[in-house]
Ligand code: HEC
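Next comes just one chain, in structure tokens: the form predicted on its own.
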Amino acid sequence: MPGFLLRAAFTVTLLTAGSGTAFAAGDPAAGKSVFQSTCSICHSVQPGQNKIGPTLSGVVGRKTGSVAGYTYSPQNQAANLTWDAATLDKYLEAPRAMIPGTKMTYGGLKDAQKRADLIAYLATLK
């Protein structure tokens, strides 16, 4: 039952505060699969475990460039963004378009549903 409740919590439409921009409902279980096939080569979900990229544990609600022990690009450090659903969606679609000079070499996740699923999964990583 807890898994069902968690999935139900993330199947509601996500809205960004004050923007009115709606996102597709995300499925955390599908997002975990997206993470494992697309992101896990460079990112860990374990707190304090940085790889090529910073840990994604606790990423939702965190400021850009703020993981201790990870060396960010100056552009990422200066971005001064908070990783919420809207910011993650835009970044994951085209990282270098959103933060030119980022160290993230990934070209972007173009499938909106996969991005929504991934964001729903990332939101479970506290």
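The numbering used is simple: start at 1 and walk along the sequence shown. Values in this document were obtained by computation on a predicted structure and should not be read as measured data.
The discussion below concerns the form predicted together with heme C, not included here.
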I have 61, 94 and 116 flagged as a candidate spot, so tell me whether each of them has a non-hydrogen atom within 4.5 Å of heme C in the model of the complex.
no
Select from the listed residues 45, 30, 98, 88 the one whose heavy atoms reach within 4.5 Å of heme C in the model of the complex.
88
So, in the model of the complex, is residue 122 in contact with heme C at a 4.5 angstroms heavy atom limit?
yes
Does heme C get within 4.5 angstroms of any non-hydrogen atom of residue 49 in the model of the complex?
no
Proximity of residue 54 to heme C in the model of the complex, heavy atoms at 4.5 Å
yes
For the stretch 98-126, return the residues whose heavy atoms include at least one within 4.5 Å of heme C in the model of the complex, in the order they occur.
102, 103, 104, 105, 106, 118, 122
